[in-house]
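Here we start with a single chain on its own, the form predicted on its own, put down as structure tokens.
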Amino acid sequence: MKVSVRVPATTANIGPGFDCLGIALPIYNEITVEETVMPGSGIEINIIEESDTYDILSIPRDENNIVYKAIDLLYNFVGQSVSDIKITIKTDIPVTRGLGSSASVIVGGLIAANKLLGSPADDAVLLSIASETEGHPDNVTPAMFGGFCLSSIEEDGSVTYTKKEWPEEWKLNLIIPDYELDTGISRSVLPEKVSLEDAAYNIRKCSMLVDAVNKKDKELLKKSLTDKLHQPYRERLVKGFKEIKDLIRNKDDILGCVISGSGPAILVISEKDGFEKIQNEIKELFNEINVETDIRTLNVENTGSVIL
């Protein structure tokens, strides 16, 4: 028996929502988990690169693979040991770009393995295990449920979340560069402690962002997409980010620009044809700094993970 699950990419943080906000995107990985026929055959992990564009050679093919680690936690939860299994990952989500590639395979592996086991774990358990494996819930929550999600890991390890409707007229424009940025490196530049002033600043801005989405208030959104907890430290690792912020300043149909997750992808939020007007300028900007980019304009993916 085998189970395949399609899981969307995600963009997290959205500026001030560090480790708690995320949006699902219509770019997908497909994860298949199956019981192997021959006892004692162990773990087999295959990775198929759909786009033939992104380097996946560094992804482990053994017990160190994050999909296997998540599945092992699920089996432990139900009081079993992982049997001989085969995991196949068809990847179209760029790895180490800040688009939730690791979250997608964790979520897909858990949902598939849970189905193989007869569905002993509910969504709350799967989300908790996924967040434990990933380290935070901002990517795994929209990867599971789709849409624009707010999430928090509680002291008992459970995850509290809510899913909001993202305004259809607000387009998500991704600028995906041709270089990788390891999440560990991106987190290593963050300070261990922040000032009370900076923490309060982000609370205000994050609250404004959620209110702007609820009200579809573009002027409020423009004022909310700033941050003092992670972007000031990460922006030196993300080529072109400062230049894009300067480029979009005072452009009516561009609502803001943020680092996608831990980077180096950049998210520009726009309405109408605002992004189309500046797309050539953005391409020229990256040509000048010798960075090739894949630019995509997307809507929010509202379905989330689907068993195929």
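One-based numbering along the sequence shown. These figures come from a predicted structure and were not determined experimentally.
What comes next is about the form predicted in complex with a small molecule, which is not displayed.
- Looking at the small molecule in the model of the complex, residues Phe18, Asn139 and Ser262 each place a heavy atom within 4.5 Å of it.
- Figure note: of the listed segments 80-88, 113-121, 158-166, 181-189, the one touching the small molecule in the model of the complex, with heavy atoms no more than 4.5 Å away, is 181-189.
- Residue contact with the small molecule in the model of the complex: Arg234 places a heavy atom within 4.5 Å of it.
- The small molecule in the model of the complex is not approached by Asp92, whose heavy atoms all lie more than 4.5 angstroms from it.
- In the model of the complex, Glu134 approaches the small molecule with a heavy atom inside 4.5 Å.
- For the chain shown alone, Ala9 is not a contact residue for the small molecule in the model of the complex, no non-hydrogen atom being within 4.5 angstroms.
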